[in-house]
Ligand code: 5GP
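Only one chain comes next, encoded as structure tokens, the form predicted alone.
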């Protein structure tokens, strides 16, 4: 039996909103990842199973092609493609679920619309320091993923039987991707109890892994080789490695959304490397991805130097400047707060 982590008051209040709601909007963060999509689509299918006819999923921008197989993915409304329609859905909804983000700015240009929307808002998330912008805030950073929280939320309402195969596939995908295929932030025994319950719904976890991790393009593999051979720098004293890629380099390898997914994890396979960073130049800013093993809290590093945050061993941030400037900030920060210093 799962521990009753979510407070009963939160469950009952959210359940009342669901019972009385007619028009639902599920919204996730900028650059939606597997967990954001898994949580959103898992809840989407659950609400449909409960007879809710108006349920929409809106995300700020596009997501990687290797998530398009997910049941319901074709119905997701992408704001950057259909801005007027996405904004209309937000303002018409009477119940809004904010999934896998902790403050409005994480939905980018949709932030002002989300804040102004009159619908009852429910936050379900596992990131630190949730902002006070929802009527119900279900936030538990110790959880492996928001998708895990969606499963717990549904079960706490006594609705496990309403989780169908499609919802289970989406929830599992979110849990799998937000733990690096259960290689970090995944030591709690109840995670595997949840997986066993999802398997009972008929999911094929091996097939899901292949659909996400073994469908990459030739250009992605060539970009990976280039990144490791030409663009990786190791800092032995600080037990750290860094990969950087500019827009020019990405375009040379026909970059598409998601092609650099997982690059930040690669240097952690080097003996003695406890901290890995990936700096990627995007059109509007420089993206910072951080991963660590052991006790080094890369979320503190992200928060102090890159206006970011996240989890202890997986976090990220943004930098407004050139990639070279971002590298300079990173190297300065590494001397002050690197793994050899052990942030306390």
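Positions refer to the first chain, counted from 1. Note that this is a predicted model, so its numbers are computed, not measured.
This next part talks about the form predicted in complex with this ligand, which is not shown.
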{"item": "Contact label in the predicted bound form: residue 106 to this ligand, heavy atom within 4.5 Å", "value": "yes"}
{"item": "This ligand contact in the predicted bound form: residue 239, any heavy atom under 4.5 Å", "value": "no"}
{"item": "Residue 314 within 4.5 Å of this ligand in the predicted bound form, heavy atoms", "value": "yes"}
{"item": "Heavy atom of residue 289 within 4.5 Å of this ligand in the predicted bound form", "value": "yes"}
{"item": "Answer range among 331-339, 20-28, 7-15, 317-325 for contact with this ligand, defined in the predicted bound form as heavy atoms within 4.5 Å", "value": "317-325"}
{"item": "Heavy atom within 4.5 Å of this ligand in the predicted bound form - residue from 127, 156, 220, 120", "value": "127"}
{"item": "Sole residue of 64, 310, 297, 60 within 4.5 Å of this ligand in the predicted bound form, by heavy atom", "value": "310"}
{"item": "Partner contacts for 15-40, taking this ligand in the predicted bound form and a 4.5 Å heavy atom cut-off", "value": "33"}
